[in-house]
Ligand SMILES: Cc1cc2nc3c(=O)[nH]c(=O)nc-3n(C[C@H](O)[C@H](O)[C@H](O)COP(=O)(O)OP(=O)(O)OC[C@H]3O[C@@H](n4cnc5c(N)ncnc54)[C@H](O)[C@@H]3O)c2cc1C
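A single chain comes next, written as structure tokens; it is the form predicted on its own.
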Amino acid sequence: MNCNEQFDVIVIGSGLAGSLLATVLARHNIRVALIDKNVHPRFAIGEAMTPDTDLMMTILSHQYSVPEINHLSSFKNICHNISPSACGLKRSFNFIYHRSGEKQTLQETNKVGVHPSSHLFRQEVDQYMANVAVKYGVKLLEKIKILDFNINSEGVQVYLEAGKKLTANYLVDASGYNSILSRKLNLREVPTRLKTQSRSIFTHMVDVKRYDDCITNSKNKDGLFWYQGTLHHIFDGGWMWVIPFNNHEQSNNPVCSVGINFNNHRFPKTETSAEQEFKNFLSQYPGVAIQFENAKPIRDWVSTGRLQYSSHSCTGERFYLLPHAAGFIDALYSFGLVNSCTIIIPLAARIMKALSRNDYSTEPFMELENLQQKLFDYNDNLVNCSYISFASYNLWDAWRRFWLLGSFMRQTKAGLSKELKIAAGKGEELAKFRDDDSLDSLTPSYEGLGDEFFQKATTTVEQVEAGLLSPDEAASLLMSLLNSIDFLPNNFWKIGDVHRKDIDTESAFINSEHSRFMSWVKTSKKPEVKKYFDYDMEDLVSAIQLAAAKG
């Protein structure tokens, strides 16, 4: 490397988010340097994909004409284009509620079936994406420590070890908690505004049993197996994740990601080691312990302090902080990667426009910062109320329906018209949206469901924590709020039916619900419906014809 090299954009951090952005920019002839203090392959968590993430990957791939990103957009694509060992199968979100000292009877559980998504074995997937970035011309600098940087009206200077310096027109921080931009520019909020209070212990293990083999009354009636999804063990004060990479026939990867997130107030961190804390936890929850009778960690346990951090700003003249550099909430609901992709979709276009105009003023990026902060606040409210709701199964069962509703509206608003274009073989038309993207369509939101709908729900749950409502009273109020919705077709997904514990979005019933929903969009006389959900009928017809032609 020369002592002084010039680039258009420097990206700090070659994890998945940094490599995705670098690849998109390089694909459009932007000179990009990607810098990382570590080297691939390497351990990373953030392994569970979601339908939202798959959708954003698909849009990102087609919008910027990078087919390799679409290789990450589904379980099938990863197996075929990367490696079967690079992923596990995610056919469902599975939640099992546990009570201390009691056996699990499967009476207090929830399953949410989804179109086959993935668990990412990050050390393989991250290395794949970094290699794709290099293929498109990105200069990847690994095992390089950044000593300092400077941003002024003339550009960006990044100072490396051994007296080396890189210069560029724009700087993106895609690192994480130890973000050098946040530290030097004093962007962190101290204290953080975030409500959630959680910490984590985690590792990778082998010989973790399939939960279906751990229980006597595990007869499968719905086609959804516990082991073929992301398994969440819920308890009063926190939750555990079990994310296998060996839960499909093609895999030869025996690893399973395991971790527990504790409410910091209920379970403050002590001098107890993470491994001992895990053993102590299993001794209290026999319904979980049976799954780990033979399990062995294959790497050291990690124990964190409080997970939550935030920034009062994530952009300024000539720089931007991607979500993990700006803030973090909790791994519950797997929002990390989807939020990164959500931001990268419009950010890449804004950076390219700034470069073409030689104008790096902050104003074009402020709307994007507002979106990113809105995503943090939404996730914080959703997760904080989840931790409160873990005190009671009935409250948890009611609250998780609001997550489902928000996820549905996000997928529908962001994807209905764009997915139809892709399905109709018109994916190249998405490039036209790059400079005219609708940021509102990328946000999980509840517009149209009534004034302050989500705020009413969060306030109800927070009143439980304040001792103003019992968990059962709050659960009843939440279900009433869901059943007051007149914006969606009546009984959509039966989300307001307290007896409906499981939902399979791949089932014939749900597919018919989607068809009914799309018909309702076209025939509805409500202006907010057209605003949030409209689509091109020509694209729908083309998609159906193309699907029929493929048999």
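Since we're looking at a predicted model, the values are computed, not measured. Sequential numbering from 1, following the sequence displayed.
Same protein, other form: the form predicted in complex with this ligand, not shown, and the subject of what follows.
- Think of it this way: in the predicted bound form, this ligand has a heavy atom of just one of 343, 129, 231, 337 within 4.5 Å, and the residue is 337.
- This chain lacks the partner; the member of 482, 45, 521, 55 within 4.5 angstroms of this ligand in the predicted bound form by a non-hydrogen atom is 45.
- Interface residue remark: residue 478 is not counted as part of the site for this ligand in the predicted bound form, having no heavy atom within 4.5 Å.
- Using a 4.5 angstroms limit between non-hydrogen atoms, residue 111 is distant from this ligand in the predicted bound form.
- Taking non-hydrogen atoms only, residue 262 never approaches this ligand to within 4.5 angstroms in the predicted bound form.
- Although the partner is absent from this view, residue 35 contacts this ligand in the predicted bound form, with a non-hydrogen atom inside 4.5 angstroms.
- Stretch-level contact analysis of 23-31, 495-503, 36-44, 65-73 against this ligand in the predicted bound form, using heavy atoms and a 4.5 Å limit, identifies 36-44.
- For the partner-free chain shown, 200, 202 of 184-209 come within 4.5 angstroms of this ligand in the predicted bound form, judged by any non-hydrogen atom.
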